[in-house]
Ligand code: AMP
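Only one chain is shown below, in structure tokens, and it's the form predicted alone.
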């Protein structure tokens, strides 16, 4: 008897997980709440919002789900994993206390400092702080972080002193405090670490492109593309990150009253000497990093996720394809500002399988209505290529993307340029 899996969320990350779970030999049925147009073509969507904790628990019970895979951070911070576990339903994703590593940057910083994990210096600013002294301590550029879940929009990095002070003032007015961090220079990489009390495993490191413009300029976005494995994360860098960052964190989280079970996303900054520091922690798979890491897992994805959810990862370690993956995000007109929604997306959505590799579309901000694909978000979809080399994966991704059309849309033409 195959397993029934419920995926929570509706973005590109969830479509990538959906594809991986549909292909898992141990899975019979995949359900997604709320899902998108892409998930609806291979799984069963349910009109339950990702922040409706009660509705999601009821749905999981109705489906007799063997596993719930939580995509976004919000439901985890709100205690979805705790509620599911109290009903005896295995959940991939940490309990609410563990999710505070993403829910509160201040909390995460204190944990890092207590464990001597390398990270940027920090100042807590409140209405009583002398802002001139604070912003002059480290100088430009300024890194200002709100201590709230802001969907990736709560951070400002700027060389403009007035802009930094203005964001500090408005953040203190709305939140009561704000963090000012020392700027770390270097190259960023993302390390997704699956962990439970029995062990941990780091997936191939990826690198995403946060800025909207080519050459990494312009406004910050949720991510315009990504690739893996990232060459900047050499074996030496990975070894240091695991010994100095992952190991102490795993030891700490495993000794809590309720152990951490899920993915710990480690945002790394790698300096010119190859020394990694933590920029931020997230408590779930990244988006678009998931689109390039899940296809590299060769073993049964459901078996891996369920092992973590049940605290037995050490007995079910994954294997990986010796391959490269690259994904390019197609964004709606207006993004990263308010996007134009409701336009038809046309073209060839079928997967490509050829001698040089595979290419396919990951849906994100899409819905299926009246027999048509319609845009419903800022990041509409992404095109992903998998091949034996990064340059071939890149060619496949862009070739597939050229077959899809959305009026007014835009994408970066230089994804992966640092490695290529």
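Please read these numbers as outputs of a predicted model, since none were measured by experiment. Residue numbers count along the first chain shown, from 1.
Although it is not shown, the form predicted together with adenosine monophosphate is what the next lines describe.
With adenosine monophosphate left out of view, the stretch that reaches within 4.5 Å of it through heavy atoms in the predicted complex is, among 82-90, 299-307, 176-184, 235-243, 176-184. Of the residues 269, 112, 125, 313, just one reaches adenosine monophosphate in the predicted complex with a heavy atom at 4.5 Å or closer; this is 269.
With the partner omitted from this view, the residue of 256, 346, 220, 129 that lies near adenosine monophosphate in the predicted complex is 220 [heavy atom within 4.5 Å].
Using a 4.5 Å cutoff between non-hydrogen atoms, residue 155 counts as a contact of adenosine monophosphate in the predicted complex.
Among residues of the shown chain, residue 188 is one whose heavy atoms approach adenosine monophosphate to within 4.5 Å in the predicted complex. Contact annotation: residue 147 falls outside 4.5 Å of adenosine monophosphate in the predicted complex, judged by heavy atom distances. The shortest heavy atom separation between residue 143 and adenosine monophosphate in the predicted complex is within 4.5 Å. Residues of 265-283 placing a heavy atom within 4.5 Å of adenosine monophosphate in the predicted complex, in sequence order: 269, 279, 280.
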